[in-house]
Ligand code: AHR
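Form predicted on its own, single chain, as structure tokens, below.
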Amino acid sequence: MKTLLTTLALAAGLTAVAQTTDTHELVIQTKKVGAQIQPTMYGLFFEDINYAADGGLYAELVKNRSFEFPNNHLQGWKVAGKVEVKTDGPFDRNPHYVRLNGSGHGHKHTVIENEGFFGIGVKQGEKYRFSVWARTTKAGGSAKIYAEIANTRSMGENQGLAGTEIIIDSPEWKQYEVVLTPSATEEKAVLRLFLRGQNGVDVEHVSLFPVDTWNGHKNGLRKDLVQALADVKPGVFRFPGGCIVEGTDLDTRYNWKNSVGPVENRPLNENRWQYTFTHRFFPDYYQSYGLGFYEYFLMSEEIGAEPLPVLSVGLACQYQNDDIHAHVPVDELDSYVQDALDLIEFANGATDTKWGKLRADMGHPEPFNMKFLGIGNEQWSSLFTERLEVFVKAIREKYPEINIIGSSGPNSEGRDFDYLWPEMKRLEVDLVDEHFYRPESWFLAAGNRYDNYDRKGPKVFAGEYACHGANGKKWNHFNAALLEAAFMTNLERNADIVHMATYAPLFAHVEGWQWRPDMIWFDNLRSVKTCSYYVQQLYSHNKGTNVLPLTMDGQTVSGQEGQDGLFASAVWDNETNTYIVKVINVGEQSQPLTLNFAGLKKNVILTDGKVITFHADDLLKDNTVEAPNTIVPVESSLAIDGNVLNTRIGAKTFCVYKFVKSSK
């Protein structure tokens, strides 16, 4: 296998630098409408890595809002005056809270100050909802607190950007809310909570959200980030991640049941990407579960994507656990299997079922109509297959309509891959999740990857993939995105076997990342769509309904020898009556190109021609939060003579050609 890949990579590299004056004729067989392209073909994969959830997609601005960080319950907070951490709070799974006591001196202040996630980003004139669960420490009477958003870097007389006094009027726990409107924009503000006077106050679940969230959901998701996802028009949304599903150990795996119900009582979870890696270290990276399975399902519905949750198979991360005792024995999987069955009930069950009722109580009585369920992530060997078999049997017996997704392991080829594919066929899973984070040479050589896959048995879910630049250039840049586009012609050409594909990872905070490249970057106020984002969007917006055969000199156009670095695929869109041809030139020279739409009847004409061109002069550059529109696709009109287009595609360029089929 390695020898074959090396040979293909060499061939692809040679063709990429070749020069030619001959026109490359791409023949599109319009009469041979082929395989249906699944609505789920191009989608999104979400994992809480790089502060993608807390500090990112989840719009909460307060870190450690319930004082549950285990090593230091005041981590993320500065305190002054008389502050105590107590452990008998109103929420059994989040028992800690803070008592603000009077200082005993009129000129000494008791205050707690939250730093947020790399600061708290607020915009001038926007509204922010502050809420807190609180009570007075003494029966009878009342107490006062002052909530303030402040700019500690200000040179003004007053650091405060917005603030208001709140009267705490009961010795019983209850929630108080106010809206704050900052007088200035600040990326790194803080939230302060002052005790006014000497009467003490207990505070728990201290929260600050923008009022303007995605779809206006109270205490919901960050609007610009969800809008970027919706703008892809994804067919599927996979969550809650990859490795976090496994956990560094089983105690810290993602537990979906802890992520539903009242948000105040969702317990904290240690993030798998927290302190196990030292190259970029974030020891305060936890999961509040404020963004949980209900929110994932709801967002999937609202952006028009099929939800695809992934659950633990009972194996902790195999990279980090060699000891068999780190995993659940096969004969002790009952609770894990029940978690899977209960999730299906939560997503699809009637409101008179236990978990269907919880969904309804959370605000969604209608079922989410979940069709897909992944079991396990990047596991391998018989440790995985013998556990997966238990899940498959139980799910098939109770919910035969659910499509089960297995795995081919962490690699795109090799021993584990070769073992797992036959096992997935034996277990009769519906799709197999393939992962490939690979260098540029791999993507150049993989243009025919799925051409010879067995058409019987499971379909392919390309669940995690991205091109990683060579020679230390493992960051987002146009060249990596271009090679991803080239590879995706192979996905599209083989839509009969490839039913889903999702780039990964999805999000990264510019100050909190541990892995790159990523599809969307953001800071506390801004976000940016990378070149890889635009490649995914171009494919999703132009996926069509059916594959059309496209050849050059009788061969598929996949960067093969003599094709001068060209990759291409074609589809027919039955809904818009449009032919769509995608051509990628990874070579160093522009190429003359002919698109021949063969087989059209004499009374058919091609109209409303358009070409979308995606190109960058500097291959190692990408968009940034400071300059988000540096490299973007450009659409222009295109005329065609009859059924043949003569054109030229630039070097290092991705073009989408579109023509509407009309009658004379």
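In this text, residue numbers run from 1 along the sequence as written. Bear in mind the structure is a predicted one, so any value in this text is a computation, not a measurement.
Although not depicted, the form predicted in complex with this ligand is the subject of the following passage.
Only one of L26, I37, I49, A59 lies close to this ligand in the predicted bound form, with a heavy atom inside 4.5 Å, and it is I49. Proximity to this ligand in the predicted bound form, defined as a heavy atom within 4.5 Å, singles out one entry of G544, P505, G447, G587, which is P505. Contact check for F487: no non-hydrogen atom falls within 4.5 Å of this ligand in the predicted bound form. G242 belongs to the set of residues with a heavy atom inside 4.5 Å of this ligand in the predicted bound form. The closest non-hydrogen atom of F67 lies beyond 4.5 Å of this ligand in the predicted bound form.
This ligand in the predicted bound form comes within 4.5 Å of a heavy atom belonging to W515. Only one listed stretch (595-603, 634-642, 41-49, 609-617) carries heavy atoms within 4.5 Å of this ligand in the predicted bound form, and that stretch is 41-49.
Applying a 4.5 Å heavy atom cutoff to this ligand in the predicted bound form picks out W273 as the lone residue from 251-275.
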